[in-house]
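In the block that follows, a single chain appears as structure tokens, in the form predicted on its own.
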Amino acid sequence: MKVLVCVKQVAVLGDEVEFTDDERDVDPDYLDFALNEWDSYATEEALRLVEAAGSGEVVVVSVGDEDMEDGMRRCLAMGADRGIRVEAEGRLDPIQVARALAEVVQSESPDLVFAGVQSSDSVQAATGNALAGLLDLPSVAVVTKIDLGDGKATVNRELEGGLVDVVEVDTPAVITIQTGINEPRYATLRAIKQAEEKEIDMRQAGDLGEPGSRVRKMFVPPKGEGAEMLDGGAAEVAQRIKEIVQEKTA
């Protein structure tokens, strides 16, 4: 069994923030970086499935510059077998990332493709679904449990309000993993040192196309006057909300 896990090194804001001179990004001096939380759960689930199968490999893939390798080595220290980084610079949107990942998936032919539900820095939850569309593979999002069968997987999908949807999907498939599906293992000091020595396969991205969106400006929003509490019945509250929207957009 081969499971390919898409991972990302995410930016974490500190207590203070400053922007770059062009006001289109956060000054890197005010950022810390770490493996995306959702991706740590995806990596752990891949490791557990391969261990239960008795053989196979877990391959972690990331898109970006060399800084992405820190998060990948965290996954290697957890037990992943190989790492592949697709070289890409600058800010990429989810569709561009998915295009880069699709090339790797096609070359690796995994039995399953995992991704975290979303990344904590952009919170778009789009890359996994876009990847499935590009590959023409079935996909299930926000998964909290996986049981593998013969060419199929039965998964629990988290819905709003605490509901769970049980879905059977043909494999190979793209599955986005929700936090809480497992408890990610801690890497030992020895495993961390061994991961530092592993070579990460670097590949060049093909044509990723133009981004679907662009950042025009980043700024700290001004503080408002606080919340307005609305009283009355549903119709009265709805009418007041309508009036507020009209006032704000006038």
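What you see is a predicted model; the values in this text were computed from it and never measured. Residues carry their position along the shown sequence, with the first being 1.
One more form of this protein exists, namely the form predicted together with a small molecule; it is left out here, but the text below deals with it.
Which residue, Val143, Leu76, Val97, Leu112, has a heavy atom that falls within 4.5 Å of the small molecule in the predicted bound form? Only one option qualifies, and that one is Val97.
Would Ala195 sit within 4.5 Å of the small molecule in the predicted bound form, counting heavy atoms only? Ala195: no, not in contact with the small molecule in the predicted bound form.
4.5 Å heavy atom contact, Leu4 and the small molecule in the predicted bound form: Although the small molecule is absent here, Leu4 would stay clear of it in the predicted bound form, with no heavy atoms inside 4.5 Å.
Heavy atom of Ser62 within 4.5 Å of the small molecule in the predicted bound form: Yes, Ser62 sits close enough to the small molecule in the predicted bound form that at least one of its heavy atoms falls within 4.5 Å.
4.5 Å heavy atom contact, Leu101 to the small molecule in the predicted bound form: The answer is yes: Leu101 has a heavy atom within 4.5 Å of the small molecule.
With the partner left out here, if you bring back the small molecule in the predicted bound form, are Asn36, Met68 and Gln124 all within 4.5 Å of it by some heavy atom? Yes, all three are in contact.
Can you say which of 145 to 153, 125 to 133, 102 to 110, 163 to 171 gets within 4.5 Å of the small molecule in the predicted bound form, counting heavy atoms only? Selected range: 125 to 133.
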